[in-house]
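Given next, in structure tokens, is a single chain: the form predicted on its own.
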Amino acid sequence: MTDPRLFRLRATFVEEGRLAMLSHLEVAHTLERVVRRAKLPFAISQGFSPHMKIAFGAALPVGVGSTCEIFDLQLTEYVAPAKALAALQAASVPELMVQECHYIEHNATAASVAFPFSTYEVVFDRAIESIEAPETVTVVRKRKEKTLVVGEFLVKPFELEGNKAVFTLEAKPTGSLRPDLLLAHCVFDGEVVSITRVAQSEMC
């Protein structure tokens, strides 16, 4: 729960083009600089190492773009959402641009867990007739192998249209399945050109 005396601004931004190659930490640092350049009255944490009170949504794998990334910024003063949006856009670049701002309640669920369902669009180098997903995917986390059952994360079969496919993954409290890792284990006739997160939602 955040300090009720502060104003909690939720912003949606894109991560596209070459900037999709940034790590989650690099994106976070870049957007912190954007907030400072925008001269918004951001709150600062207390303690030995004070830092901007900004929190980001679920991390994207490097190389995966997005049209719907989220961060929550705590402000010490109220700034009209339209004014905050204009300031953030003026301080940013098109490939990492804030698209929308609105205020949320101080006790609203953190962006990192508020939207467990992520929908992705994949572009291939040719029209795809079918995609065969594996039953399981083995990942290595903290030097330990873990087997994930694809059906527990893939909400429904791939939707195909020409050289594009759309699918939705659910993030669980116990872990998640990366979209690029899933595709790396799928069978299809073609090459992946791009993967983009196009929606995040509370329910599918």
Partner chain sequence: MVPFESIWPQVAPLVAKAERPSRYINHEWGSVYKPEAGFRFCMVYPDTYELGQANQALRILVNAVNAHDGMVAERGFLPAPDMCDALRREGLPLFSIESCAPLGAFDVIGITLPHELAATNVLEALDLAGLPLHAVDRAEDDPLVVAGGPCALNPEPYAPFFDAINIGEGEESLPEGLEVIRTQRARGASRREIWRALAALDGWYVPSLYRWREADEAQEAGSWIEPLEEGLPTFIEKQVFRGFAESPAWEPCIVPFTEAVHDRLNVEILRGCARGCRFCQAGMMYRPVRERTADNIVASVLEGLAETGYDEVSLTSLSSTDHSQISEILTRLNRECAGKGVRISIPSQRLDSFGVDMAGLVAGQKKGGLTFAPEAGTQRLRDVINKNVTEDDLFGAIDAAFAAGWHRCKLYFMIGLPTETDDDIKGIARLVQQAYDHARAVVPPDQKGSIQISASCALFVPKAQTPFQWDGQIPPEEALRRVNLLRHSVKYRAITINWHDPKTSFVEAVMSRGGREAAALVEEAWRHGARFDAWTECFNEQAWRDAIDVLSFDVEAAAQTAYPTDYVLPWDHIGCGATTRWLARERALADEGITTPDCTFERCSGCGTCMRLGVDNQLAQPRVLGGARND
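Small disclaimer: the values here were computed from a predicted structure and weren't measured. Residue numbers count along the first chain shown, from 1.
The same protein also exists as the form predicted together with the partner chain; that form is not shown, yet it is the one meant from here on.
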| property | result |
| --- | --- |
| Within 4.5 Å of the partner chain in the predicted bound form, all of 21, 39 and 50 (non-hydrogen atom) | yes |
| Contact segment among 153-161, 167-175, 133-141, 40-48, judged by heavy atoms lying within 4.5 Å of the partner chain in the predicted bound form | 40-48 |
| Contact flag, residue 90 vs the partner chain in the predicted bound form, heavy atom cut 4.5 Å | yes |
| is_contact(residue 30, the partner chain) in the predicted bound form, heavy atom dist at most 4.5 Å | yes |
| The partner chain contact at residue 62 in the predicted bound form, heavy atom, 4.5 Å | yes |
| Contact label in the predicted bound form: residue 95 to the partner chain, heavy atom within 4.5 Å | yes |
